[in-house]
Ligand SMILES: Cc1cc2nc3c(=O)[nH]c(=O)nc-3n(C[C@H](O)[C@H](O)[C@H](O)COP(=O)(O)O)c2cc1C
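Form predicted alone, single chain, as structure tokens, below.
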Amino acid sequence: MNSVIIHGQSHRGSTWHIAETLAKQVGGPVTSFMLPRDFSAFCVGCNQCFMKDEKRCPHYEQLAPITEALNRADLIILASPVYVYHATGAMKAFLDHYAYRWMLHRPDPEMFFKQGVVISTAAGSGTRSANKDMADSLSFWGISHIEKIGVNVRAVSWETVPSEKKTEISKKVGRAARRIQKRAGRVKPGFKTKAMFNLMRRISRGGLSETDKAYWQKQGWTGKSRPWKKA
């Protein structure tokens, strides 16, 4: 299984260790990126990705290596420590650049056959809201099967995480890895994803940008074709 990890920070803390351990247990090639080291731009709200083409984005070239890795991956892991009860600003800025891939606009058909994981850690609390920040994007990209791992580590570094907490983390990671491996090669979108797509389909037929409408027509989605029905 080909995995890509997007780390929402540039240091190797608790969240980094959990994400890297999970990918290794799942097995297969792993490509990792660290934010903001590998991508640091903020969306400028120019709307070029919506109205014209994502290649018109002023940050398209800088983002291209990560986009290519996402496209190749069978498993997408988004990992972020909790910053003020949410994912890091670097993670948010990164995800903002893929709004054009949400189902309402131009979702990549291959996303419907991928798996996702969101991982967050906190010294106190906030992992649920941080994971939701990241899971929302995966879900609207078309990914149905999303594992969520949130851990209140009660520490500010991996070295100071209590041993009993590390044991708990190891068990969580192992269970998630086994579920991911079990679904490998057999991923299909669930009812919620299909229902969301069909809702977006009805909205898009009413008229978004001409670029979006042309994309949907080319994919055949305004007719009987669906992204989970491979030719």
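Values in this document were obtained by computation on a predicted structure and should not be read as measured data. In this text, residue numbers run from 1 along the sequence as written.
Below, we refer to the form predicted in complex with the named molecule, which is not included among the displayed structures.
Contact check at 4.5 Å (heavy atoms) against the named molecule in the predicted complex: all three of T121, S125 and A155 pass.
Heavy atoms within 4.5 Å of the named molecule in the predicted complex are found in exactly one of 134-142, 76-84, 109-117, 90-98, that being 76-84. For K213, no non-hydrogen atom is located within 4.5 Å of the named molecule in the predicted complex, even though that partner is not displayed. For the chain shown alone, H11 is a contact residue for the named molecule in the predicted complex, at least one non-hydrogen atom being within 4.5 angstroms.
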